[in-house]
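In the block that follows, a single chain appears as structure tokens, in the form predicted alone.
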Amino acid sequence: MINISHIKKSYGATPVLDDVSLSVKRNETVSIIGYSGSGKSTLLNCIAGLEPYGSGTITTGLANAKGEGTIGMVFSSGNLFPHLTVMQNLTLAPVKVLGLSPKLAEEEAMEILERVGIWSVRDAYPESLSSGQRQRAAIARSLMMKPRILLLDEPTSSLDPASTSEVFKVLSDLKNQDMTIVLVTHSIDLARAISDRIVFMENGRIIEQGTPAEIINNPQHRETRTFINHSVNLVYNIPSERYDHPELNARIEVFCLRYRLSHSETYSLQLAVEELLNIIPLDKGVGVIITKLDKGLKIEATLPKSEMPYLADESMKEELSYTILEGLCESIEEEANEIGETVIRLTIKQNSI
């Protein structure tokens, strides 16, 4: 359905797409992930015909001059016309471009609005909608043109967890339609949920691609592993004992929101991290990684190499912070990694969170 061959594009002397080749099958859903500035959105814009490229070819096999059955594009901000109601946003292009009668356009719009769950706000203006409703309206507007290919650029980037769930459902439903979807996203959860294939880009190149299980659970390239690690886990570096404790707590709250953990679960995690940092030395720096497990949470702290274990001393177990950790944790482990650093792993009990 989409064939991209050796695309190159630069902004001035700065290369943005560097010999990119990619094929997307009909009715396949492909998510493109990567750091900001990796070329993801530029590639999407080139597919949509919104930006020219320097060399290479992009073919889609679509050639309907009226616009129906071609390419739909949904932007991260939605880009609804603010002076038009939701219904007017949906019917404008079908009437002006496809030549539908206003009555037929409204009938089709009602069906699509019901499909995406915002039929009740059809007469509202965009400014009165929630962020999730606006994004669903933007998707509905694109569907009005009956696209065979749907391109989405960061559709959940500015949404809260509840709104993100709304858009998740809409996109999951679209997978069952006769439609090819290419999605640019920072959300590993979204990519995992709806993708047939995930593509990782860095510095304007495709570094790796595969099924969600292959890319998320077993990435083959170091760049992909680093990105997935930072996207799925909370990775936080503590340079010294004068670390920013409020910022760390805020990062933990955002992490817990991503996985829809409760206030008590968030507090337990914050408490466990705080008590661990109370009993280990921070003067030479500590790296902390928090991982959501199927049941529970794992906290991993990496410290410089030490002649003696940090937690093995019997006097340590008399510390109040250690006692609190024992009450919160299913296990407390300490070992040296392959380069001699000390790694402390805590698994928080399921019934503690």
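The first residue of the shown sequence is 1; numbering continues from there. Owing to the predicted nature of the structure, the values given are computational and were not obtained by experimental measurement.
One more form of this protein should be noted, the form predicted in complex with adenosine-5'-diphosphate, which is absent from this view; the next part is about it.
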Q) If you check in the predicted complex, is S38 within 4.5 Å of adenosine-5'-diphosphate, heavy atoms only? A) yes
Q.
Check T29 for me: does it contact adenosine-5'-diphosphate in the predicted complex (non-hydrogen atoms, 4.5 angstroms)?
A. no
Q.
I'd like to check something about I344: if you look in the predicted complex, is any of its heavy atoms closer than or equal to 4.5 Å to a heavy atom of adenosine-5'-diphosphate?
A. no
Q: Flag V16 as yes or no: does it have a non-hydrogen atom within 4.5 angstroms of any non-hydrogen atom of adenosine-5'-diphosphate in the predicted complex?
A: yes
Q: Tell me, please, which stretch of 38-46, 302-310, 323-331, 282-290 lies within 4.5 angstroms of adenosine-5'-diphosphate in the predicted complex when heavy atoms are compared?
A: 38-46
